[in-house]
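Just the one chain here, the form predicted on its own, laid out as structure tokens.
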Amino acid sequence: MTLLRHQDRVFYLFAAPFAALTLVFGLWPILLSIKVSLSESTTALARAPRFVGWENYATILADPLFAASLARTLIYTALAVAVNVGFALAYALLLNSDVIGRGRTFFKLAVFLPVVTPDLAGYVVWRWLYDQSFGALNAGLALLHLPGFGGIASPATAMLAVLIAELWHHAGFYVVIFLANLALCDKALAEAAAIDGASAWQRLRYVILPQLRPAILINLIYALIQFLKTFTVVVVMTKGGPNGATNFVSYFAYRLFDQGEYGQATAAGTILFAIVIGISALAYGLAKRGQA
């Protein structure tokens, strides 16, 4: 009992600094932003703000631009989660196979280096690649006598262009999680299934994927949170354009804040925060129910 009490004290001693940081830099700003969202914009940052209740929320929810940005955010999130997690799963399975051989280390570095590349630097390069006048992408397509890619200059392709840039930047993180889970999988089960005559697809579906459920769950939830609050790539590459094609909720709120509409901006941010929590909790509940 004495040893257990000592271990508990050591645990709390090490956990206390992180708990304090979470409260100061996590929970406290959230509470302050909710307070601002209930205040009149002109007094929201004053010591004695004038509270207007749910007025800012009503204004935001009645704004067609917010409704459009929310729909755009949800569509983009669904596409980005499916593409990123699907690509990462296929890439990790390929790395875990014997197909690549000695080049495995190179391909691991190739997919993970973008994760540790600063967002700003990476997206500036992508903006240059997409440039219609001197971008490398369209120059290469012209050399191959292929049609040009609209990139971030066309409303029809802007979301796709942003999605490709974010796939480059984030997919490596999901690959690492899948690889870690694959290292823990019981290879004897796959070998036994192969001996029993199971095809490669059957081994993947009935032996490998069930063992990857924890990694799939983690990646799905993290990706949902990541892409629902997509912001940096929009600021650097598109500024919400062209013609609002990439004006997601996070950037919509940023523009309001930049215009001095602090109450409405934080109201939009709070709505997005609630959506992130709600969708993540729903995905977690459905995934856990599927494992039961």
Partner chain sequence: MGGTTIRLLLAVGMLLLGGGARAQQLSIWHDLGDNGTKWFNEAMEDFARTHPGVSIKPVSYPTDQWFGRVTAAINTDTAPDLIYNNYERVIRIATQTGKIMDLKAALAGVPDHGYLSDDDLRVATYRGSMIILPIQRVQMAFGARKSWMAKVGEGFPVTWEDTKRTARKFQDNDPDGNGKPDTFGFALQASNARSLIHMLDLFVFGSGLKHTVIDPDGKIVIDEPRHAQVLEAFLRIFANDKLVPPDTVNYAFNEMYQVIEGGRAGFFRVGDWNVNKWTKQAIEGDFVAGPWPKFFPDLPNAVVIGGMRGVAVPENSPNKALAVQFAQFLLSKPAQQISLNTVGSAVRKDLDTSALVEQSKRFANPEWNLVAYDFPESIHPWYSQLEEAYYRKLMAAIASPPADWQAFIKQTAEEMRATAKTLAAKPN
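Positions refer to the first chain, counted from 1. Predicted model only: the values in this text are computed from it and were never measured.
Keep in mind the form predicted in complex with its partner chain is missing from the figure; the text below concerns it.
Student: Can you say which of 197-205, 82-90, 145-153, 67-75 gets within 4.5 Å of its partner chain in the predicted bound form, counting heavy atoms only?
Tutor: Single hit among the candidates: 145-153.
Student: If we define contact as a non-hydrogen atom of the residue within 4.5 angstroms of the partner, is A46 a contact of its partner chain in the predicted bound form?
Tutor: Yes, A46 sits close enough to its partner chain in the predicted bound form that at least one of its heavy atoms falls within 4.5 Å.
Student: Within 4.5 Å, heavy atoms only: does Y262 come near its partner chain in the predicted bound form?
Tutor: Yes, Y262 sits close enough to its partner chain in the predicted bound form that at least one of its heavy atoms falls within 4.5 Å.
Student: Look up in the predicted bound form whether R127 has a non-hydrogen atom within 4.5 angstroms of its partner chain, and give yes or no.
Tutor: Close contact exists here: in the predicted bound form, R127 approaches its partner chain to within 4.5 Å, heavy atoms only.
Student: Any of the heavy atoms of M237 lying within 4.5 Å of its partner chain in the predicted bound form?
Tutor: Because a heavy atom of M237 falls inside 4.5 Å of its partner chain in the predicted bound form, the answer is yes.
Student: Can you name the residues of 222-256 that have a heavy atom within 4.5 Å of its partner chain in the predicted bound form?
Tutor: Counting only heavy atoms within 4.5 Å of its partner chain in the predicted bound form, the contacting residues of 222-256 are M237, T238, K239, G241, P242, N243, R255.
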